[in-house]
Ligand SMILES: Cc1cc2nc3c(=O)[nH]c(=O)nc-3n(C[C@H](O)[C@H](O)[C@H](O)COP(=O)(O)O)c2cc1C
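A lone chain, given as structure tokens: the form predicted on its own.
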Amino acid sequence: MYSLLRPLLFSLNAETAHNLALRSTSLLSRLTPLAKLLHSVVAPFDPVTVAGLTFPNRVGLAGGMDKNGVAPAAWWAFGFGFVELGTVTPRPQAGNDKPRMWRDVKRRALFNRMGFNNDGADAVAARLAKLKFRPPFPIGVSIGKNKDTPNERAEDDYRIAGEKLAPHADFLTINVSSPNTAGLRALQTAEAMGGIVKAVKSVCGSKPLFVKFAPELTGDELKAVLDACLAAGATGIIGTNTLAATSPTGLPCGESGRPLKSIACERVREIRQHIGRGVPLIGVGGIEDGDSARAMLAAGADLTQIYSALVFQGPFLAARLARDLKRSR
């Protein structure tokens, strides 16, 4: 079906197509009987326990697709094993000026400079609180700081967003690695991350807390930041976010999809070697088929996440990957 729809979607501006697809998934999410029926037909069951949570399978939706939590039941219906909503900031913000999303079909890549456009923590928390049907899989929320909040006050933003969203999430993710908010990646230091993790940990209680890092962070710098986060109470790590790149309009952006495949696996392997086997690790970046999903798990990831490949292969990719992983176990 998606092979028939894709030419129509690809004839549209990338963000317009994204919003159209999200409206469709939002509608499915509200049609609970249909979502349950679809899940019963397509969703594989290959459960695993990570960070004290049970995941129906190892393939999740990465942050950035469903920023405002409008379609959690639809992702469950499509066969995902978990979802990460957001990134959500304390206050609503419009994000960067358009155009801010582009496809590179030949390279199976996406470029985006969205800039944490979202409805804000209050609105997303209210939406999750009012769910008529909460799908039986882990729902995570990625949190970030508003772009007009100086880095010196970043801890406050992360604490506020965490406090508002933790009651409605199964886990939280601290996003300090998007290249689309000016200065955000400067927070990827041991000193800054120790404070941010402590701030969020103080309000999220026993909920698992992950930290997501950029693929460019490596070596001793990466090790120092990992140590600081874990010492401050982080439960696990997500590697990686998008690559810093230049958009077709000449402005800074993030690049995701196939070009990220090798570096994401390499970074996950580096992280696992440093943190050891006991710390939960989610691998994301360039996963598009069974081989790339297995490679991420072999590199040390406990779970995987996808996003860009959905644009090129459609919403049932997660179910296909999960079935492939189950067969190869």
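Numbers for residues come from their place in the sequence shown, where the first is 1. These numbers were taken from a predicted model, which means no experiment stands behind them.
Absent from the display: the form predicted together with the ligand. The rest refers to it.
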query = Which of these stretches, 225-233, 191-199, 255-263, 156-164, has heavy atoms within 4.5 Å of the ligand in the model of the complex?
reply = 255-263
request  = Would you please decide whether G69 lies within 4.5 angstroms of the ligand in the model of the complex, comparing each non-hydrogen atom pair?
outcome  = no
Contact test in the model of the complex: A21 vs the ligand, heavy atoms, 4.5 Å = no
query = Is there a heavy atom of A301 lying 4.5 Å or less from a heavy atom of the ligand in the model of the complex?
reply = no
query = Quick one: does L110 come within 4.5 Å of the ligand in the model of the complex, counting heavy atoms only?
reply = yes
key: the ligand: the contacting residue among R103, K212, K207, H168 in the model of the complex [heavy atom, 4.5 Å]   = K212
inquiry  = Just to make sure I understand: among 142-176, which residues lie within 4.5 Å of the ligand in the model of the complex, judging by heavy atoms?
reply    = S142, N175
